[in-house]
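This document opens with one chain alone, in structure tokens, the form predicted on its own.
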């Protein structure tokens, strides 16, 4: 049984961080030290690394009150990213709130592979299906200056956040945002060199086991993959063919137990050739790849 940490005589930055880290640990919060630092840096309007140089500073009573409120909300289950309004992802900081899923480090695997495939291409056309916060589309546009990117999402609220992030990172003029379900907002003649997606993939039976901060605060629309978690992969596999240029690539983020099922769905489509699966930093299968087969040569 964890006890409440001891109260220091002086509430310096060092003392606040020590107390909060121990308090978070007593509540079972995994990255306790990091989260304490993120919240305090947010309150003090400084970078997390700057806290070290200011260890002996004493925040004002108003700052401490704001920090206390954030601590209470975190312990009540709110994700840190929503409390501070941002999350770092692939070299950039993205604004996030409960309208969008919080970007995960695992998704950087997809961005890295997308950029590898786009590197040799000039002015490639890219589609991000279910863009959410825009983290994938914006990271690609930011790193590949000549890419022409389109991003779709069924949620107008999510698109508002994505557009805000595109403006923040100076790529808004190179990303077209369209509201609608998967490929529905596209003109029938649209063709892309690369299509990427991190679709909802949590199966209904898995919701109960999700961390409370995910289950209770992140948008269900961005998590719910249908009864078996594969609903969106079925639809993408079935509908993607006409929108890929011959030789064009499809990259799909998957839950780490879903690799075989998603590969089978893609392999069942005659237009597609399934490629390698890429692993994330934890060694789990994370990105399933496919290409559109070139048209058969005429004899």
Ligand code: GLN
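Residue numbers count along the first chain shown, from 1. Model, not experiment: these values are computed from the prediction.
The same protein also has a form predicted in complex with the ligand, omitted here; what follows describes it.
Next on the checklist: Using a 4.5 Å heavy atom cut-off, which residue among 182, 202, 118, 71 comes into contact with the ligand in the predicted bound form?
Outcome noted: Here the answer is residue option 202.
Checklist entry - Pick from 83, 222, 186, 150: which residue has any heavy atom within 4.5 angstroms of the ligand in the predicted bound form? => result By the 4.5 Å criterion, the partner-contacting residue is 222.
Checklist entry - Exactly one stretch in 168-176, 100-108, 74-82, 152-160 has heavy atoms within 4.5 Å of the ligand in the predicted bound form; which is it? => result Comparing against the ligand in the predicted bound form, the contact stretch is 100-108.
Checklist entry - Thinking of 21, 35 and 65 as the candidate spot, does the ligand come within 4.5 Å of a heavy atom on all of them in the predicted bound form? => result Negative, none of the three is within 4.5 Å.
Checklist entry - Is there any non-hydrogen atom of residue 139 lying within 4.5 Å of the ligand in the predicted bound form? => result No, residue 139 is distant from the partner.
Checklist entry - If you check in the predicted bound form, is residue 123 within 4.5 Å of the ligand, heavy atoms only? => result Residue 123 lies outside the contact set for the ligand.
Checklist entry - residue 198 near the ligand in the predicted bound form, any heavy atom under 4.5 Å? => result Contact with the ligand, yes.
Checklist entry - Is the gap between residue 112 and the ligand in the predicted bound form 4.5 Å or less for some heavy atom pair? => result Looking in the predicted bound form, residue contacts with the ligand do not include residue 112, since no heavy atom lies within 4.5 Å.
Checklist entry - Out of 248-278, which residues reach within 4.5 Å of the ligand in the predicted bound form, heavy atoms considered? => result The stretch touches the partner through 253 alone.
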